[in-house]
Every structure is written in C-alpha cells, then in structure tokens.
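The chain that follows stands alone, in the form predicted alone, written as structure tokens.
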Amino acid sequence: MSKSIQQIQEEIIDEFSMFDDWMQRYEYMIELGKSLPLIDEKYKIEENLIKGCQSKVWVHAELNGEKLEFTADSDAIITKGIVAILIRAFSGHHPSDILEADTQFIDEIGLKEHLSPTRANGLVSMIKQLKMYAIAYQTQLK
C-alpha cells in the first residue's frame, strides 16, 4: 500500500525536525534537490517554466494510469531542493488527492519564513502549478 500525501508530508516534517538550525536544513534541501526526478530535456520549454520564480524552474506532469507523476529541474540549488520536497509529497498520487491535500507541512517545517520574499513567492507559484496540473489531468480522468 503506497503512502498517502499526508503520511509523506509527516515524514518530511520529521526529517526537518532532526536538524537544529537552518543551515543544516538548507544543506539537507540541497541534498534532496540532488534526488529530484529530473525533467527530460525536451520538456525544458517556456510553457513548463513556473511563473513567479526568481530562478528557472521547469515542471512537467504526466499521467501514469490514474496517478500524476511530476518531474522537474531548476538552475538554482535551493530551488531544486524546494521543488524536490513538493514533488516528493505530491507525485504518484491521484489528481483529486493532490487537489484536496493541504500544504500546511511547508509552514510546519518553517520553509516560508526562512526564504527570501521572492523565493517564498516562487514556492507559492510552484504549489499553484502542481495543483493546476492536477486540475487539468483530473478532467481527463472523468
């Protein structure tokens, strides 16, 4: 049985709570970025770029059965870590589960308050984009 989005989010919260300070958390995020399911070069196109991000972030989504799978990349290591966290939480789930999922775990790991305002806006844009993909693919499943 695969884990629910909420279970994955709780795992992420637990992992981040192991670190005492934000420098360690940043390092961990950079590590997570290295395990990001990388987007195929052919999807690194304008329409897959996330608007509202200071750095370039590409996200691609495709249905695998009834599960939505995300791949991504970024030209900035911290941003790569952020998108890796989001993809870990949401990839491989049904679009409706992605739409119903909250993103409270982002606040619980303290991510928003430790990002610059432009990065925090970028984070919101990434979440919006993942949800937009979920909406688009959910209509295909009906």
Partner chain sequence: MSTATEVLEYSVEKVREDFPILKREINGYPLVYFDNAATSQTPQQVIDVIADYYSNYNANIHRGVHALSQEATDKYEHARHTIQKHFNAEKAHEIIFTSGTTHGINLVANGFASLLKKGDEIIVSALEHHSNIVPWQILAEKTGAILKVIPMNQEGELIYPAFEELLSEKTKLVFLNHVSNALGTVNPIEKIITKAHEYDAAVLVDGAQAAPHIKADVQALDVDFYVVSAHKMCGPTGVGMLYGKEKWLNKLPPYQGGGEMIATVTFEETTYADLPHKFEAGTPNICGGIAFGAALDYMNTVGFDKIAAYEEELLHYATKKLLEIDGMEIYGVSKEKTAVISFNINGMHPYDIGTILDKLGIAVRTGHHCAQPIMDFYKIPGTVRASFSFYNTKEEIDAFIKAVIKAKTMLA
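Numbering follows the first chain given and starts at 1. Just so we're clear, the structure is a prediction, and the values are computed from it rather than from any experiment. Take the two forms, find the largest set of C-alpha atoms that superpose within 1.5 Å, and that set is the rigid core.
Quick note: we don't show the form predicted in complex with the partner chain, though the next part is all about it.
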If we test each of Ser35, Gln54, Gln104, Asn64 for a heavy atom within 4.5 Å of the partner chain in the predicted bound form, the one that passes is Gln54
Specify the contacting stretch among 88-96, 65-73, 111-119, 43-51, defined as having any heavy atom within 4.5 Å of the partner chain in the predicted bound form.
-> 111-119
Would Met23 show up as a contact with the partner chain in the predicted bound form if we use heavy atoms at 4.5 Å?
-> yes
Could you confirm whether Glu100 comes within 4.5 Å of the partner chain in the predicted bound form, counting heavy atoms only?
-> no
Checked 62-88 against the partner chain in the predicted bound form; residues with a heavy atom within 4.5 Å, sequence order, are Asp75, Ala76, Ile77, Ile78, Thr79
Answer yes if the CA of Leu123 moves 2 Å or more between the shown form and the other one after aligning the rigid core, and no otherwise.
-> yes
Indicate closer or farther: the Cα atoms of Pro117 and Phe70, in the predicted bound form, relative to the displayed form, with a change of 3 Å or more.
-> closer
Report the direction of the Cα distance change between Leu115 and Arg25 in the predicted bound form, compared with the displayed form, as closer or farther; the change is 3 Å or more.
-> farther
